[in-house]
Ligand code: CP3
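Let's start with one chain on its own, the form predicted on its own, as structure tokens.
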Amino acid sequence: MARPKNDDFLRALLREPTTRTPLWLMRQAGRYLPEYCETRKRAGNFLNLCKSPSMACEVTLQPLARYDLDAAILFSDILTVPDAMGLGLYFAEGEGPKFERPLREEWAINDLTAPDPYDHLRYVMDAVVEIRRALDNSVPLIGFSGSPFTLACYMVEGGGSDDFRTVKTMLYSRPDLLHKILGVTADAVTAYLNAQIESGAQAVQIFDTWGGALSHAAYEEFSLAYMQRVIAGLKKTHDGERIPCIVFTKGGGQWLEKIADIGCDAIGVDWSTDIGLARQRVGDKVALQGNFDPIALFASPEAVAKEATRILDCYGPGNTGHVFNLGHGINQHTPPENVRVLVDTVHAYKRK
């Protein structure tokens, strides 16, 4: 299988020269786009949208119809994996995701098994196939999963949390139980990402959204070690092409060197990290992705362009190893016209 016509994103992840700085946006298919809101209304609810391959394809392509983005990302949710494990995912209006059966009892944790992605998550693989066909090799398709620790947070807490008290109490008082959850979840994530790659994903990202909530020692033991285990089990090539892997720990700036050692091709950095210093710290080991503050998109168009240029200047000379992105997901109230300013500014930038 040949690389896409626009392969700048893949080239940047593999630290090969690019014609311009490529960019995509975390949560680029989302509620800030009126066309997405229309499709979601048609679906009835968010889970229906995720579980319909044709609708998932439709919303995946919407931002690419609007903006000159260098990659598409599969439209799905990180919680599809614990849902397939039988925890009973549902979305409470205004409250976000919840699980009917969070993991609190020892027997339930010991009974946990990794689902077969081609069985319980077939709708995701069908969406990947459909999106690849629709993209017609124009730009690469990114597959993704939550990290084992981030998924475990939701699985134990039963939903989102401000302080992760339940999962952290387990971490400190019964680390054996949390390790059991993380081991099964790491196996599930590995199989899930490999199935996405086999179905057509050309790069994968591991979203470690809550890894930054851990202490220094706990991060290495309960998050980083399990992402390393996932990466060790990932398919590195498919159809004769390298499949790069990105790791994004929100709030993970202090651990860049350690993340760079686990076998990933690129590290996503949030806006709290100076990308120029990050580049010095990781050297030639990995590419970097980031790191525009998504809230800066609410500023004037001139301010958006100025902040994008500052980040590009900060990364420094040489047209290798940088994928421009937000430091986290785009806010649902973002003015769509400011996203265009961001995309155009990044693509017009000429590196020294």
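As the structure is a prediction and not an experimental result, all values here were calculated from the model. Quick note: we count residues from 1 along the sequence shown, nothing fancier.
Only in words, not in the display: the form predicted in complex with the named molecule, which the text now covers.
- Partner contact region in the predicted bound form: 67 to 75, out of 251 to 259, 189 to 197, 211 to 219, 67 to 75, criterion any non-hydrogen atom within 4.5 Å of the named molecule.
- Note on contacts: among A203, V156, A127, L79, the single residue with a heavy atom within 4.5 Å of the named molecule in the predicted bound form is L79.
- Checking G183, G263, G86, P97 against the named molecule in the predicted bound form, a heavy atom within 4.5 Å turns up for just one residue: P97.
- In the predicted bound form, R40 approaches the named molecule with a heavy atom inside 4.5 Å.
- K285 falls outside the set of residues with a heavy atom inside 4.5 Å of the named molecule in the predicted bound form.
- With a 4.5 Å cutoff on heavy atoms, M26 counts as touching the named molecule in the predicted bound form.
- When contacts are judged by a 4.5 Å heavy atom cut-off, G30 counts as touching the named molecule in the predicted bound form.
- Contacts between 44 to 66 and the named molecule, taken as any heavy atom within 4.5 Å in the predicted bound form, involve only F46.
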